[in-house]
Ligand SMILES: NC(=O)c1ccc[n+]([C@@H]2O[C@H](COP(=O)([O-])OP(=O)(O)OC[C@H]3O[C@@H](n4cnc5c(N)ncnc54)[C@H](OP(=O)(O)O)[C@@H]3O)[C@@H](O)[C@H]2O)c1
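Given next, in structure tokens, is a single chain: the form predicted on its own.
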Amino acid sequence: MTGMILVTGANGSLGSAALAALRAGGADAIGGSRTPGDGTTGIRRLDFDDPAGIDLTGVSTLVLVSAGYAEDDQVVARHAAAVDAAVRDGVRHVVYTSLAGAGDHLGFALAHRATERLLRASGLSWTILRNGLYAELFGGLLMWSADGAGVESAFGDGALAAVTRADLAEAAAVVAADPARHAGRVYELVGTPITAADVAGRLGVPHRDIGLGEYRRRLLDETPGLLPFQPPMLASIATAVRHGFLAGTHPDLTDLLGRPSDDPLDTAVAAASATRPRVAA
């Protein structure tokens, strides 16, 4: 018996999918969220910015979905609060969704590696899932021309071993359902390499490469709503893909799933299609 499993970030895309996969497999699983919603069943309020209020009592296995989208110090503090609460409340095992090892060149890698170090020093049993970048993200970062006739990116000819969010959620559920089997393991969960030209080809449009300087300028000058840490984060993804640092494959994902991974190209194409501008006839 694995006991009760709690998945953080349960209102987010990865957390909600992992929770659904666990429940579909018959696990005793609940979610945790800073915004559980009124009357939401099976979701416990967890706000990592309020360490004293984190309640992990009764939880045997914690699936700690990275609480990113903030500056490094804030992300690390959130994760540290979760790990401290896990120690205090008697959690036996933590599954952490980290970043692929090849992602050390990315602007948001530090918070992940710092959290891995916290886990190793905590005395808890742990498993680290080093997730590759989402196929959904890759497709969504392609920029359409105003007339919807082509896409642009700063990815050049570089490939990304992209992985679907659904596969990563299923892998997290597999590990959390049998944590003892995966204790002390670090899994590299990456998919099949795809390029911007691959996505464009499937869409039936040309792909135009833009330089990193032009991409950074667009992020800073033409992309409203970005937080200060986001332009350098996105630029680091572009340059890492462009120069081939994120194209490497690994068998861990298919080994955990026990099946071939989903085709990331299909998912990237769908994500890119969703942002295609509608041009009046």
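If you're wondering where the values come from, they're calculated on a predicted model, not measured in any experiment. The numbering used is simple: start at 1 and walk along the sequence shown.
Here the subject shifts to the form predicted together with the named molecule, a form of this protein not shown in this document.
Heavy atoms within 4.5 Å of the named molecule in the predicted complex belong, among the stretches 218-226, 45-53, 238-246, 22-30, to residues of 45-53.
Put simply, R165 is close to the named molecule in the predicted complex: some heavy atom of it is within 4.5 Å. Proximity of L133 to the named molecule in the predicted complex: non-hydrogen atoms within 4.5 Å are present.
When contacts are judged by a 4.5 Å heavy atom cut-off, A18 does not count as touching the named molecule in the predicted complex. Heavy atoms of A200 never reach within 4.5 Å of the named molecule in the predicted complex, leaving it off the interface. Although the named molecule is not shown here, in the predicted complex the stretch 5-24 places heavy atoms of G9, A10, N11, G12, S13, L14, G15 within 4.5 Å of it, in sequence order.
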